[in-house]
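Presented as structure tokens, the chain that follows is alone, the form predicted alone.
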């Protein structure tokens, strides 16, 4: 994988470009993708943004989101765009499987694949150009640095700034996580200079849910959360029946895994949701507990040191039991 800076001299030659992200995109995935799209369009590129799946309603305010294509809903058109693309930017994912059913098309594509990502253990052999920086707060921060270093910083307008701010805000936990480094705050200062209204972005992301989601949260915290003080851990287990009862949509469980971390002494929180085809895991931690290694070892997953995901083909009861056994095996790390 060649350094991404080598494409800087090529940016002024218009190309057909596809930008894609991981399935079930979060604010960083969608924000970094739309921010990059807005930047490249100003340089004359013909850009198509494709999400491997649908996305939450709270992302639909983002400039350009209305034109994003859903691969699962528009597979034929998306495949055509991928196969015609000269450049394929792959943002906020490091392995093909994270694009779900879109992975096969990306693997067959003839266009130049370009990686911008901050997750551990990237498939670097799959990309011709790219940058992988695990310590970075977000892919949005990396796209910001790409734009500022490209020689075309004047193309970072307000709409691009809004998208990038949403990504970095969400991935830093509204700037409370350790990854909110000095460079992150310098980035935000620069975006503010360009006219960013940060309060409005925060409202669009966090104050845009329906009543049923709040009632769902209360139900989950009261009835589905277990605390294991002897292992400084917490587990939230959500059966499919709860999703149906409260009419839970894509994005409604976003951030739920973080709630137990507000309990004194809890170092690791886990959330497992019973989906149709599999059980989906999310892990978050504080201090020195490595979620990435834990997810890879026990739940076919991975991600970041303090935030990771996983999956299981077992039943909800069996996979929850496996979690309770696994925290006993890593008890020394949790204590």
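Positions refer to the first chain, counted from 1. A quick note: this is a predicted structure, and the numbers were derived from the prediction, not measured.
This protein has a second form, the form predicted in complex with guanosine-5'-monophosphate (5GP), left out of what is shown; the following refers to that one.
Between 262-270, 282-290, 64-72, 38-46, the stretch whose residues reach within 4.5 angstroms of guanosine-5'-monophosphate (5GP) in the predicted complex through a non-hydrogen atom is 282-290. Taking a 4.5 Å heavy atom cutoff to guanosine-5'-monophosphate (5GP) in the predicted complex, the contact residue among 94, 232, 99, 237 is 94.
Taking the partner from elsewhere, residue 113 is found to have every heavy atom lying beyond 4.5 Å of guanosine-5'-monophosphate (5GP) in the predicted complex. Proximity of residue 52 to guanosine-5'-monophosphate (5GP) in the predicted complex: non-hydrogen atoms within 4.5 Å are absent; the residue sits far from the partner. For the chain shown alone, residue 300 is a contact residue for guanosine-5'-monophosphate (5GP) in the predicted complex, at least one non-hydrogen atom being within 4.5 angstroms. In the predicted complex, guanosine-5'-monophosphate (5GP) stays beyond 4.5 Å of every heavy atom belonging to residue 56. Taking guanosine-5'-monophosphate (5GP) as it sits in the predicted complex, the stretch 103-134 comes within 4.5 angstroms of it through a non-hydrogen atom at just one residue, 119.
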